[in-house]
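Take a look at this single chain, the form predicted on its own, given in structure tokens.
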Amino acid sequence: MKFLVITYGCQMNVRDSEAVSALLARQGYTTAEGEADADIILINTCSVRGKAEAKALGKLGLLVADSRRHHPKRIIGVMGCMVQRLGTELFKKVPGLGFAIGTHAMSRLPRVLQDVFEGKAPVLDTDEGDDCEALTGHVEGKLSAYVNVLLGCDRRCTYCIVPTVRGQEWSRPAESVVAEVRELVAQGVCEVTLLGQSVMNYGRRNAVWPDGSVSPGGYETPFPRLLEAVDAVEGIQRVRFTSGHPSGCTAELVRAMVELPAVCEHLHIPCQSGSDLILERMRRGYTADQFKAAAGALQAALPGVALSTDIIVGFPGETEEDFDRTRAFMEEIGFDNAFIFKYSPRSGTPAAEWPDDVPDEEKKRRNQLLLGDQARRVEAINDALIGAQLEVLVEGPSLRNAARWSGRTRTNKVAVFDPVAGVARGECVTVVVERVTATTLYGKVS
């Protein structure tokens, strides 16, 4: 049977989709080319914002309606955060679903499908007890891969549903992570991104290193030790990690980013606001000055480091003064990229009980102002790179112009250049930047 997975949401959802795809492939299922030839369509969902849920629900409704008319034997299923949050309510919202599996049940997907084949639909599984090591498979042929290292989240930010749908933090054993990276390298992967909702918390809740093991570089905390171990895997060219938190930007973490050659000069650290009052209401666990200190330590130790962030505008109680502080905060740090969202209440979070007192039009205005600021900022950052010689990992033909090739710098910027004889996909080349846009560097191989 042929299956298709459609993904909404963050990098963790992308990784989950890839893992269940590999799991189904091991069970003898094959990947469909598209919806038309799929016997099973699985939507992987996100609950971080209401818009993401609405989009997934709309898609599920369309798929169920189309299957009833044209593909009566097709099975439509849903997985991920929205399932964990809504449970049986999903079957009321979208009658005709074959199955729904939560964030702790993905390894049981083959068994759930078997129940559907036996006529037990609709099937719901949101129980805990997932076998994480059964979800280490990857889709072959990729140069870059995500690797889950920390599951769940303990931070309990007042706007965030993730701890409810993903559960408490749990870190995979370091030996398992390193073994997965070795297997990926054997399959041709040369870049990995270590994933965790608050990835620098790796190893804080449960032990991840064997008793008596020692870091060759003298690292004492679990996450820098993991970076060291992954960096040491023969054949790995680049290591990234996300998402960060200012409390994890310790001197040891900074030292690891400086000393370990494969660890890239790029980090995503969500800040959400530049106002201390709003940060406290969000329960983020730091002040704007503490965030600036963490960013400053990285920028001082790693000249040219690229920092990206997330921002929420229109959070309950956000005044014009709070917003102005956020604008100034972002300008001072100089983020290379920023993902800016309008606040939307998520049922089950503390903030959902508070008045959503910033009008939608004002949220839109603040959103557009920050987007404009960021576009101007990144143009200036990229302009300063003209003439620079940057290491680029070759990914292959450019999506927009197959006659040219593209890749990414260590700071995660897209670079487009003319192909060079003898250079293959997966190799690193030096590109001299000749011109730039807000999103892309253009140059030639030196």
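Small disclaimer: the values here were computed from a predicted structure and weren't measured. One rule holds for the numbers: they count along the sequence shown, beginning at 1.
Not pictured, yet referred to below: the form predicted together with ligand SAH.
Peer 1: Looking at 304-312, 176-184, 218-226, 354-362, which stretch has residues with any non-hydrogen atom within 4.5 Å of ligand SAH in the predicted complex?
Peer 2: Comparing against ligand SAH in the predicted complex, the contact stretch is 304-312.
Peer 1: Just to be sure I understand the contacts: of 110, 350, 270, 122, which is the one whose heavy atoms reach within 4.5 angstroms of ligand SAH in the predicted complex?
Peer 2: Contact with ligand SAH in the predicted complex is made by 270 alone.
Peer 1: Of these, 170, 341, 91, 209, which has a heavy atom no more than 4.5 Å from ligand SAH in the predicted complex?
Peer 2: Contact check passes for 341.
Peer 1: Evaluate residue 49 for contact with ligand SAH in the predicted complex, applying a 4.5 angstroms cut-off between non-hydrogen atoms, and reply yes or no.
Peer 2: Yes.
Peer 1: Is residue 84 one of the residues lying within 4.5 Å of ligand SAH in the predicted complex, judged by heavy atom distances?
Peer 2: Output for residue 84 is no: heavy atoms all beyond 4.5 Å of ligand SAH.
Peer 1: If we define contact as a non-hydrogen atom of the residue within 4.5 angstroms of the partner, is residue 148 a contact of ligand SAH in the predicted complex?
Peer 2: No, residue 148 sits far enough from ligand SAH in the predicted complex that none of its heavy atoms falls within 4.5 Å.
Peer 1: With the partner left out here, check for me: in the predicted complex, does some heavy atom of residue 335 sit within 4.5 Å of ligand SAH?
Peer 2: No, residue 335 is distant from the partner.
Peer 1: For the stretch 283-298, I need every residue with any heavy atom inside 4.5 Å of ligand SAH in the predicted complex, listed N to C.
Peer 2: Contacts from 283-298: just 284.
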